[in-house]
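Only one chain is given next, in structure tokens, and it is the form predicted on its own.
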Amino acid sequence: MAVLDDNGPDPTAERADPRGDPFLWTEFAIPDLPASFVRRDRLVRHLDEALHTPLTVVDGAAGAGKTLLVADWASACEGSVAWLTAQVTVKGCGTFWAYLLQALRRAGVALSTGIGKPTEADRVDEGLLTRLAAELSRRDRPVILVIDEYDRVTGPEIADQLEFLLRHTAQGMRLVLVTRTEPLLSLHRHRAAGAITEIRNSELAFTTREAADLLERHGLSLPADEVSALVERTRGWAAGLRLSALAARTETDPRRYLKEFEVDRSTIADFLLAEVLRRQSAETQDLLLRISILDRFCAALADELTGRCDAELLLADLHRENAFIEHLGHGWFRLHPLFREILRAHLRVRSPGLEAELHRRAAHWMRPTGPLAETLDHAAAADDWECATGALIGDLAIGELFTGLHAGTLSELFSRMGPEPRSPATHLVRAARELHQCHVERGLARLEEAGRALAGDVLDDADPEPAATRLTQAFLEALAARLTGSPGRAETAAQAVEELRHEVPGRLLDEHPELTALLSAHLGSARLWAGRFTEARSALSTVAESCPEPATAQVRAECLGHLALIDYLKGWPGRAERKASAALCTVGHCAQSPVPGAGLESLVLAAVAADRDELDRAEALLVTAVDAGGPSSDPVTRAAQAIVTGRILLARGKTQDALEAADRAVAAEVPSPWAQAHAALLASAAHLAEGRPDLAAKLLEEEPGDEPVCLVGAAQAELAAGRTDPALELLDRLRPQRGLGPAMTVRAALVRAQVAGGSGDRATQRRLVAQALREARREGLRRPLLDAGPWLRPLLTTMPLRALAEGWLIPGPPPSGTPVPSAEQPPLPMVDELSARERDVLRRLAEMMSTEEIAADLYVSVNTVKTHLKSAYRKLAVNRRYDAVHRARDLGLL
């Protein structure tokens, strides 16, 4: 401690205060700086402004470093600096002024004896203040008067007297108040006049760089991220940093200590308990202990926890006193994290069992209008699962268990729910968790329990609104229908959701877009399973074409994966690849949570790679898909996985393994036509490869309907068996079907070409082979040509067929400008997906219809057609009708 003798000449003859007690010279001493002190230039520069304003207030919490900051600054100031620690204010205003006069004299301020001195401890003559102000106002150079611990001035008398002195000293004095609370002065007037310098608690907080310097001075060198974490935990509180650093020095592993130290067992706890908590009244201490369970709080919530109605006043006082309470705005506060930890520890010791009750009260207070996440946290902490599940369902947030940024957190939270709660809401949440984890049987059982509970339920206060509960039930029914392969059940559930959504607040649906998106995904997947591709595309496109947002990003990726599969099944590998790539890109940018259709986009890419005879890449993508999907119960994904696996094995020549893959039945309530057809085609191709064409043909004959892949496969088998006419008859059944992609038309053209060659019609054969080559080259489809048989190879050595095959199918330079897909080549250029209506317009444009004719044909206005055209032009990067049609055909969009 620096004795004031260093600041000026010898003290005067005054040696005692009005009570006759000797002056305590320590009250006049500028505190010494510890060896570990860190000079913070940004704050010193701010303090320099005190030289130009009559009043300066350094206002911060206990241990914020304000006294050392001002001491460091004052020690370096030129001229007279008087220091007074205001502990003497408790001895009366007369004593305070006697000490203040003595501080000025010890700072070298020449005060005349005519000023006088206080003669009573509890009062001071107004004339003394007037004479003092007059003398100070005549100074050429202002004296700097620092009053530390000014927060001890709790009465208005001394504050009024200081205000008087401040007002009448003009340029003769610079008053610096160091305080924990806002001083009882007319600060608003000084602020309005620009006559005050203020440094608040937030500015006193250590930055990461300053904290690193402080730790270095304690012999601790930490990485930047660990320093940042410590600053975050202490909020840059100087005493917290210094005390934790001192404690860490005695530990064998200081870095670990600074990461994990228990606050309530440290010197920090001693400091905060002594300097903050125990200074408060019993009511305020009770309030602080109770609100320590909250991340944030307002007066009404605090009243709910205390059962009183005085929180608003107490919180305002605590904030004004810098009692480690931060104002967040709009009436909300939060505790300093270290202080909160200590309070919670003391709450558990002082009132065992009260913490759970406080969490329960907080959850029920928040549930009507509060944040869902906080409501759930408090309800879970109180083990009040009826409240937690009721809040989740009442908020229509059940979809957040499946997707979005909070899926993992919510899943972990509800994993703690035991079997005891038996309300409809708890049954529904259990069902959601089981279905989410693909435990279909258990999920269905929970749904049935929920249904029974709802059928005879008498709702109590913990239950959510009936419409929200039934809508949640219908949503889960849609998911269950998807996982069990039951399209009819999915349609019924979707219809129920559609009817119930008008009975719930629209605000909730707007706040939870993931619910609607998931429902469309489940419905689209169920329709896809049923082979209703157009209807499936309609449901899936509503999500895939929606605005990207974090809550639905994963569902969008899933829907894009399903749309890609539809394109692949229709024979359009290029389209499928673009959608699957977009889905993969979307998945890569969002937080992943396991979903029923995970990995489907990689399966589609693997299938496309197999059709292009890029088998290594196909196998790698298959592994990626399996890793992403895990043990999926989604029938669509499982069927796709079986098909792709079989295709790759077949291309590798492992026909028996391919047969086993084809024989893997996918359990579902309703069989899927395309899954059955592709499994049969796979088995047929395996038998055909092993020289059993009759068995191959028979397998496909048993398939119902006219699945295009089966017709083409059956034609290949019939032709291999030497039955030409049945083969052509099967191919003729393809003609009425529209929208078949090159993956099918190429194979069909090759079968016809083989038939034509067998009948001696070489011209037709070459024309059909040329047609197949052109379509296959555009998509990079090598596998249909490699599977066609030995008759094709000699033809490919002749012109002009050779020119069409060179560089991508057979060795040789590729024709100029011909794209050659390969694993190393960059992916095909992406374009925004055309909507169904835009494709309708483009198809009619390709038929040379005018705008008016298209409008009449589609029953829309001419302006609507123009809008669709404009959007399609933008997506295709063209400006003219001809170019749009040409571009769309090149991309396989028509």
Partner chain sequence: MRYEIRVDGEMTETLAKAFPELDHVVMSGCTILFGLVVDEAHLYGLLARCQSFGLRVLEMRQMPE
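Positions refer to the first chain, counted from 1. Since the model is a prediction, treat every value here as computed from it, not as a measurement. Here the rigid core means the biggest group of C-alpha atoms that line up within 1.5 Å when the two forms are laid on top of each other.
Keep in mind that the form predicted in complex with its partner chain is missing from the display, and what follows is about it.
- Here the chain stands by itself, but in the predicted complex one stretch of 165-173, 92-100, 260-268, 107-115, 260-268, has heavy atoms within 4.5 Å of its partner chain.
- Taking the partner from the other structure, its partner chain in the predicted complex has a heavy atom within 4.5 Å of a heavy atom of A61.
- Using a 4.5 angstroms threshold between heavy atoms, Q161 stays clear of its partner chain in the predicted complex.
- With a 4.5 Å cutoff on heavy atoms, A467 does not count as touching its partner chain in the predicted complex; it lies far away.
- Shown alone here, W237 lies within 4.5 Å of its partner chain in the predicted complex, counting heavy atoms only.
- Each of L338, H346 and V349 places at least one heavy atom within 4.5 Å of its partner chain in the predicted complex.
- Of the residues R612, R617, R433, R180, just one reaches its partner chain in the predicted complex with a heavy atom at 4.5 Å or closer; this is R180.
- Scanning A639, L476, V124, I342 against its partner chain in the predicted complex with a 4.5 Å heavy atom cut-off leaves one residue, I342.
- Once the cores line up, the CA of W237 ends up 2 angstroms or more apart between the shown form and the other one.
- Core-superposed comparison between the shown form and the other one: the CA of P352 exceeds or equals a 2 Å shift.
- Once both forms are overlaid on the rigid core, the distance between the two CA positions of L273 between the shown form and the other one is 2 angstroms or more.
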